[in-house]
Structure formats: C-alpha cells, structure tokens
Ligand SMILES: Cc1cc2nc3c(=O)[nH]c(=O)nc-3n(C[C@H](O)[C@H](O)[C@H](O)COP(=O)(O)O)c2cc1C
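The chain below stands alone and is given in structure tokens; this is the form predicted on its own.
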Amino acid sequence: MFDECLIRQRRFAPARFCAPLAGYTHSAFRRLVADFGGCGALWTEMLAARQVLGEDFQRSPWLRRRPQEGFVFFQLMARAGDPVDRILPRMADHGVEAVDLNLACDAPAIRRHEAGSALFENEADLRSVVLAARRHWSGILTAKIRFGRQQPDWQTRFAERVRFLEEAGVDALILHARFFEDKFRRRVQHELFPWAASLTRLPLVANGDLVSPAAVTSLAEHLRPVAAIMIGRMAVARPWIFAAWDQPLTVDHAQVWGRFWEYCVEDFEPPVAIRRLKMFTKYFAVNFKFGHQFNSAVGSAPTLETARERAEEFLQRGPELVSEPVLAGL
C-alpha cells in the first residue's frame, strides 16, 4: 500500500509504478494488471478535470476503480478557471486518495485547452492551478513534468518551475526525461535525473524508456537519486511486467488477450471497446515475431466478435515470441 506519510518524508523504498497513458490505463487495463498482482501504484489515464463533475464513479471506465487495483492516482488535465473547488472535493467524497496534475502532455488538442505542456509554460496559469489544487486537496498531490521546450534558457525555466511546485506543496514529481517536442521519439536523457533531483527536496519518480530490469540496472548510476521508477508503454505490451520483474513468469498470451477482451466488453460500450481493444493489441503484438500480422488482423476487424475470432486464430497457433519487444515506431 502506498503510504502518504512516506512520500511526504521521502523515506519510502524505490518502487515500480504503472504510468498514465491516454487511451490505455483505463479501468479494463488496470484490472488486467491487478490480475498479475498489480504494482506499487497505478495511474488512471489523463482525465479532463471538468469531466469528473459529470461522470459516474461506479460505472465510468475512466473513473471506476476496483478494490484489487490497490493504490490508484487519478491524473487530471486541469487548466486555469476549472472549478477545482468542486472537482477535488467530489473526488475525495468518492474515495480518491491521490491526484496527479499532468503538466507534460504536448498533444495539440491538450495545448489548445491551455493544459498539459501549455500550462507548464504559462507561469501565471500554472501558479493559479497548482495553488488552487493544493488548497482544495488534502490528499497526495503529484505533478507529471518534462524538461520543457528545448531552448537556450530551458534549465533556468525548469528549475524555476520545480522550485515553485515544491513551495506550492506538491508531494512528489514525476519526470519524463525528454523535452516536450521530443514526444516518444528522441532519446530519454536519463543522465539528467541526478541534476533534476538536486533541484528539489521532493521525491522524484523517473519515467521514460525504463522497459526492463536489465535496462534499469544499466542505468543504476543515473537512477540512484530517484525514489521510484515508472513503467509506461512496456506495461501495455506486457501487463505482467511487474509480476515478472524479480522472478521468471510463464504467461499464457492467449488467455491474457482474451481476458482483456472480456474486460473491455464489460466496461465500455461496443464502439469504444473495439477502439480500446485495437489500441491495446498494437502494443501486445510486439511480443510476437510476426506480431504485425496479429495487429493487422485485429486492427481491421469490424466487430468485437470478429476481433476475438481473429485473435484466437493467431494465438492458438502458438506464435513464436521475441526475447525483447521493441516499441520504437509505435
């Protein structure tokens, strides 16, 4: 169980968390990860803050949380002017324990709403949102950040933002060690984690291409100052990654995909369920040597039943697995 007093005092042992990913870390996926024992903490996908006011916490696949998921952070896409004085108390009333502010997403649609990376860059709006969130939220409050724009004074601007977030009462920072414009394409600058950690007393959670125990071990020196690591897209490709981190695990891939199909059908209306299923399959397919065939067959399926039939046909052939999945290009 994630313990608030430990993150506040920076005494908790390094843990492994599952990163928030828009369109992926919904209730069906979190349920699948929980089937393998879960992890240190799970994150929802990014939620429009105002959406919280109108969604049903018991039925919404974005807000719904099952007990077996363990500790769940609800990540908000907030912007200046959002009624956080109503949004955050409603979340508390429904048992939410931790909120994460997304200050990192650079998607054009998010920037048009002056949220994500646009909020991180706008100092006045950033102060307004963060201070209001801290004022109306007594639980754990974290912020997901990147380095900002790659410009001559980026280090100064980043340090100023980090200093403000600490002074505003944020409990921890999650740093994806890329610039906004890097998306997921350019190299993660893991070597900058020690510098970033030196800027603050807050616990720092490392995010970005931490895809396996071997990768984390190879980066041990860079990751020494961080309090925890966060696994993103590889957790979608391998929902059992946390369970298999310290010991070998035999996985029935057909059963895993089939279970996800069932969870999507249970939690989403059919048009949304099939989209989420196809998105998941794009990543899950990287486990197989000829996974592109699997992804293509499911991706072109017109219905949920057809998708299941095509997946079963591929998976029941016992397709050859790859030793290390490659996420580049996805």
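Numbering starts at 1 and follows the sequence shown. Computed from a predicted model, the values in this text were never measured in an experiment.
Absent from the display: the form predicted together with this ligand. The rest refers to it.
- Of the residues Ala133, Leu126, Leu173, Ile231, just one reaches this ligand in the model of the complex with a heavy atom at 4.5 Å or closer; this is Ile231.
- Contact with this ligand in the model of the complex, defined as a heavy atom within 4.5 Å, holds for exactly one of Ala285, Leu42, Val298, Met46, namely Met46.
- Of the stretches 151-159, 201-209, 87-95, 243-251, only 201-209 has residues with a heavy atom within 4.5 Å of this ligand in the model of the complex.
- In the model of the complex, Ala22 approaches this ligand with a heavy atom inside 4.5 Å.
- In the model of the complex, Phe184 approaches this ligand with a heavy atom inside 4.5 Å.
- In the model of the complex, Gln75, Asn102 are the residues of 69-107 with at least one heavy atom within 4.5 Å of this ligand, listed from first to last.
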